[in-house]
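Below you'll find only one chain, the form predicted on its own, shown as structure tokens.
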């Protein structure tokens, strides 16, 4: 490994010899002195190289001056020199007086993207776009967010699973399945780990989680949809209702937002001008029918033929909750069984409603959760009502024929959470490599 010091750690060191590596952000090649801004994954530092002159005052073409003159933006280098603390230096109050410079790779001088490039253009050159300080921070936040979730799960005795992404049949709507050739038959890319999460309850695992890919053949071009995304899933046994699932969901998000605020809050404020707010518990809960009535009273009637909420309705109910409760999150509960999957448990005494919810964050749905139906006879009948053939669900239904506890869980889109946390306009900004109807590269 190359012996180097991360730039973010330089300020804590005393003046003296150092070695750093990174890529060139800017070069100012002046007659008497050369300046380079070098960036690595942790920050940026100014390099300075006073030029040498002969007795007649003519600049000498020596090293590292000649190498510096050849540098282009994006070139990767390793440098050695003397660290000096100087409060006059605008970039962090430190600089490195160069002693040596090794060019690892020279970049093509003309870069294909600029600060004002379109989002699609930046996606074409994503590896260059990711060198941006804001983009770097997004994925550090993602790392912290996931680590906090995993810490909570492990400390509370959850089991982590990695479920198959090749399936023989649909786990959700067959209309959104990607079909692939599989030897002499066909397979489908998993839309969610739903069936396998429930299998873990029948297996006696009690509590499980998974962070993994999911696929939806949805030709949507909105700012919040993707055909491949990272799904955060958790399922727990021995629940009394979907309230227990919501309580788990709250605990996880509070833990994750607390970690992000503690580690990155100042950087988020500086780069995104956003305050990371740790949500308070309990999150507001509003039955869906009541939520639709609230937005109607505020001048918006949801224009849908079914019983669901639409995106504008989500934005309006979120604005109402923010104004009324000062909260960025709201659970919309008790969705109609007509718009929920067959495996959602229905209300006792009112089969038109389910023990389910959608979680809205800053005006957009980020998750669906529910208590699952665990009684095999009820489950079979609900499948038939949805037009499904129980014979085609045979392996799934077997999970319930040999005993299963009451259980429930949720699935949540990681990128949507990050997008809304950082107030970004598109899910593409917070996805390492976005996949959509017209994008399969890079």
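Keep in mind that this is a model prediction, so the values were computed, not measured. Positions refer to the first chain, counted from 1.
Keep in mind the form predicted together with aspartyl-adenosine-5'-monophosphate (AMO) is missing from the figure; the text below concerns it.
Undergrad: Pick from 366, 141, 317, 200: which has a non-hydrogen atom within 4.5 Å of aspartyl-adenosine-5'-monophosphate (AMO) in the predicted complex?
TA: Result of the distance check: 366.
Undergrad: Just one of 272, 229, 196, 153 has a heavy atom within 4.5 angstroms of aspartyl-adenosine-5'-monophosphate (AMO) in the predicted complex, so which one?
TA: If I apply the 4.5 Å criterion carefully, the residue I get is 229.
Undergrad: So, 344, 410 and 413: all three within 4.5 Å of aspartyl-adenosine-5'-monophosphate (AMO) in the predicted complex by heavy atoms, or not?
TA: Yes, because 344, 410 and 413 each have a heavy atom that approaches aspartyl-adenosine-5'-monophosphate (AMO) to within 4.5 Å in the predicted complex.
Undergrad: Please name which of the stretches 346-354, 204-212, 273-281, 367-375 has residues with heavy atoms lying within 4.5 Å of aspartyl-adenosine-5'-monophosphate (AMO) in the predicted complex.
TA: Every other range fails; the passing one is 367-375.
Undergrad: When the contact criterion is heavy atoms within 4.5 Å, does residue 122 count as touching aspartyl-adenosine-5'-monophosphate (AMO) in the predicted complex?
TA: Contact check for residue 122: no, nothing within 4.5 Å of aspartyl-adenosine-5'-monophosphate (AMO) in the predicted complex.
Undergrad: Is residue 261 near aspartyl-adenosine-5'-monophosphate (AMO)? Define near as a heavy atom within 4.5 Å, in the predicted complex.
TA: So residue 261 does not count as contacting aspartyl-adenosine-5'-monophosphate (AMO).
Undergrad: Residue 225 near aspartyl-adenosine-5'-monophosphate (AMO) in the predicted complex, any heavy atom under 4.5 Å?
TA: Contact with aspartyl-adenosine-5'-monophosphate (AMO), yes.
Undergrad: Mark residue 427 yes when one of its heavy atoms lies within 4.5 Å of a heavy atom of aspartyl-adenosine-5'-monophosphate (AMO) in the predicted complex, and no otherwise.
TA: Residue 427: yes, in contact with aspartyl-adenosine-5'-monophosphate (AMO) in the predicted complex.
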